[in-house]
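Below you'll find only one chain, the form predicted alone, shown as structure tokens.
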Amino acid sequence: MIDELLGKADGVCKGIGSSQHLYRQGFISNGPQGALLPVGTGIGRMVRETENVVVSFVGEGTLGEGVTYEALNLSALLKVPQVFVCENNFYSQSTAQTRNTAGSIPDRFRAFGLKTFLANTWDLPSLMQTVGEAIAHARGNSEPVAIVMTTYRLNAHSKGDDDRDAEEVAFFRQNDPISWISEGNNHLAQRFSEIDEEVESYFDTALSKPELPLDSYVGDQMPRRTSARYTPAAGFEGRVIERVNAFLREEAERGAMIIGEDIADPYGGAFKATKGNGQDFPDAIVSTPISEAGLVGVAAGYSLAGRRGIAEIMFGDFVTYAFDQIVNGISKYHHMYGKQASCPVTIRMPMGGKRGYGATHSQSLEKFL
């Protein structure tokens, strides 16, 4: 982790991700608020077949992001063993919660039917017991739960943005469990000091390590080549949408998850791209509410977990809702995480002008993609 922070090739993501963009087997983090919540839901759909759970961490400031609620809704509907941990530290960066958050935080999660557990970081025995109960419930019932964890951030969010009352910060610092350990007269304080010294001494070693040679890593980033190859639909007669339907059926047979709005039978999607497939492959065809960002994120998470995720957006015009998932997630995962991750998700949508469906149903947005 220290190598990563210093931009060294031995870093967890070869020095490319730094503090916010990290990936290891079983761990993933990213910068945009709430963006990984639906991704976690997609991973959770895969781990339902095991006894594992997905744990998704957010701060209470992320409750202002719409994709948070898309993920909560989808996780509940899909019965995913996902544990949503909301760390409530009373401040969204530097602004007090009273100015930014309306209503009850636990009720945000309860509104989607999630069993919601309350905990805090000053009562460690109770905290560990509560977290254990929450995880056991998610695992045993294959459904999402929430933990609203009251805590306090002792340091500034970033340099120069801390306007909190000094006495308030001092009170919480004095009562913080880490302060008890590091400043008390006990054997843990001695061990804490030894760890501090070990970390400090490692910096001297890490500073002399080489950085990743940029030219050897980056390569040609332009979309000049692709692994895909055009294959004529030999011997196939019929409309293009019928060929698309046949392709999606083939993917469903291979174990792909196809996720989109209103795509289940008997409707089969606005253009019937999945009609008939849901009847034969009910687990593969996942019909969702109107949640473009959420459903694309779920498909991305499923793909990150090593499966085949295909997201269908009813009209290409609505892909703009999913731009954060595409631009800040899917398009970057491979390189941002040091080429350790692959996200071979497919996003399918009808797009183009001349159909006369109006200003939000007949655009050509390919340039943005």
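Every value quoted in this text rests on a predicted model; they were computed, and no experiment measured them. One rule holds for the numbers: they count along the sequence shown, beginning at 1. Between two forms, the rigid core is the largest collection of C-alphas that superpose within 1.5 Å.
Another form, the form predicted in complex with a small molecule, is not on view; read the next lines as being about it.
Peer 1: Flag residue 249 as yes or no: does it have a non-hydrogen atom within 4.5 angstroms of any non-hydrogen atom of the small molecule in the predicted bound form?
Peer 2: Residue 249: no, not in contact with the small molecule in the predicted bound form.
Peer 1: Although the partner isn't part of this model, could you tell me whether residue 262 comes within 4.5 Å of the small molecule in the predicted bound form, counting any heavy atom of the residue?
Peer 2: Residue-level check for residue 262: yes, a contact with the small molecule.
Peer 1: Is there a heavy atom of residue 318 no more than 4.5 Å from a heavy atom of the small molecule in the predicted bound form?
Peer 2: Residue 318: yes, in contact with the small molecule in the predicted bound form.
Peer 1: Applying a 4.5 Å heavy atom distance criterion, does residue 117 contact the small molecule in the predicted bound form?
Peer 2: No, no contact at 4.5 Å.
Peer 1: The small molecule isn't shown here, but in the predicted bound form which of 61, 40, 338, 329 has a heavy atom within 4.5 Å of it?
Peer 2: In short, 61.
Peer 1: Of the options 157, 139, 272, 173, which one has a non-hydrogen atom that comes within 4.5 Å of the small molecule in the predicted bound form?
Peer 2: Looking at 157, 139, 272, 173 one by one, just 157 meets the 4.5 Å heavy-atom criterion.
Peer 1: Okay, which stretch from 190-198, 254-262, 207-215, 126-134 lines the small molecule in the predicted bound form, with non-hydrogen atoms inside 4.5 Å?
Peer 2: After filtering at 4.5 Å, what remains is 254-262.
Peer 1: So with the core overlaid, does the Cα of residue 144 end up 2 Å or more away between this form and the one not shown?
Peer 2: Shift of 2 Å or more: no.
Peer 1: Does the C-alpha of residue 360 move 2 Å or more between this form and the one not shown once the rigid core is lined up?
Peer 2: True for residue 360: a C-alpha shift of 2 Å or more.
Peer 1: Could you check whether the CA atom of residue 270 moves 2 Å or more between this form and the one not shown, using the rigid core for the fit?
Peer 2: Yes, shifts by 2 Å or more.
Peer 1: Pin down for me whether the residue 43-residue 319 Cα distance shrinks or grows in the predicted bound form relative to this form (closer or farther, change of 3 Å or more).
Peer 2: Here the pair is closer than in the predicted bound form; there, farther apart.
Peer 1: Would one find the Cα atoms of residue 320 and residue 64 closer or farther in the predicted bound form than in this form, where their distance changes by 3 Å or more?
Peer 2: Nearer in the predicted bound form, by 3 Å or more.
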